[in-house]
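In structure tokens, one chain follows: the form predicted alone.
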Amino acid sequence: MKPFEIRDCALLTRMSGLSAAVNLRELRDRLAICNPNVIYHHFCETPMTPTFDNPDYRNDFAVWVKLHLGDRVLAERLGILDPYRFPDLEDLRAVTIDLIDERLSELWYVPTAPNGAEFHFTEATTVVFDTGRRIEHPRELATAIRGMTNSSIFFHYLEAQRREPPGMDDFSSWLLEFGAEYEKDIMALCSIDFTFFTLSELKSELVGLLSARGETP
């Protein structure tokens, strides 16, 4: 079998060209016209954003609505959206806009952010590089994951969900090559509700799961 090639990545972030949103209506209107890459960045690449705290939500829209608009109700609604369950980013865009429209209809005012706390629409390019490290056998997987950076976890588990085969992480795809012996491991890896984890938490979950199944030497 081919060894598993451990890769790492970094995001090159840039402005989208849209002006910043000051209030909820502007957020809604810019969401309606932004490039799909912007939606992907703010929903799926949030875990790669450096932060000093552990935000309650895993997408930038929910975090901004809570912290800068002070609207916990909408933040909760946006925060539970799982972007990986939408086969198309346009579907995710439509649902997000519907949630904002619904909230605007419930309020008698338009929530507005204070000066300096506007929402900036950005997008990113993923730069991938080979670490030179390899995993030769599934029994080495848990130990190898323990030594990975958070950005490697992002690339091999989260970003992999949108590569071929869709909806599957790279670890599971590799284990498929070893046949039925690892079916339970694959099912366990694929069952993780990863959207509620930080990257560090996800790494611990992966290591714990594989270790519990006896994959750690």
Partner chain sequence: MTRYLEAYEGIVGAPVINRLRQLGKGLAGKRVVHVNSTREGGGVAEILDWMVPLMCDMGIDARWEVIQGTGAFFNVTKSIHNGLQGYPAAITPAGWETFLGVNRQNHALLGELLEEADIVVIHDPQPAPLLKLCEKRKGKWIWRGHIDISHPYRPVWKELKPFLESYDASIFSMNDFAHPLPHPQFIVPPSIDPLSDKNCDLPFSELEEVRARFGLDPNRPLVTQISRFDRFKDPVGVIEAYNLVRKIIPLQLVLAGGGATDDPEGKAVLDEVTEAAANDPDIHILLLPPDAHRTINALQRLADIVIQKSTKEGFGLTVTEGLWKGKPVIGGDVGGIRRQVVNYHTGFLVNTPEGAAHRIRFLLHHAELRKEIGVKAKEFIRENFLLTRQLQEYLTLFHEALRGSDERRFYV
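Residue numbers count along the first chain shown, from 1. Computed from a prediction, not measured in an experiment: that's the story for all the values here.
Here the subject shifts to the form predicted together with its partner chain, a form of this protein not shown in this document.
Although the partner is absent from this view, F61 stays clear of its partner chain in the predicted bound form, with no non-hydrogen atom inside 4.5 angstroms. Taking the partner from elsewhere, T126 is found to have a heavy atom lying within 4.5 Å of its partner chain in the predicted bound form. Its partner chain is not drawn, but in the predicted bound form it has no heavy atom within 4.5 Å of S204. In the predicted bound form, at least one heavy atom of D130 sits within 4.5 Å of a heavy atom of its partner chain. The stretch from 5-13, 204-212, 21-29, 189-197 that comes within 4.5 Å of its partner chain in the predicted bound form, counting heavy atoms only, is 5-13. Contacts with its partner chain in the predicted bound form, taken as any heavy atom within 4.5 Å, map within 148-179 to T149, S151, F155, E159, R163.
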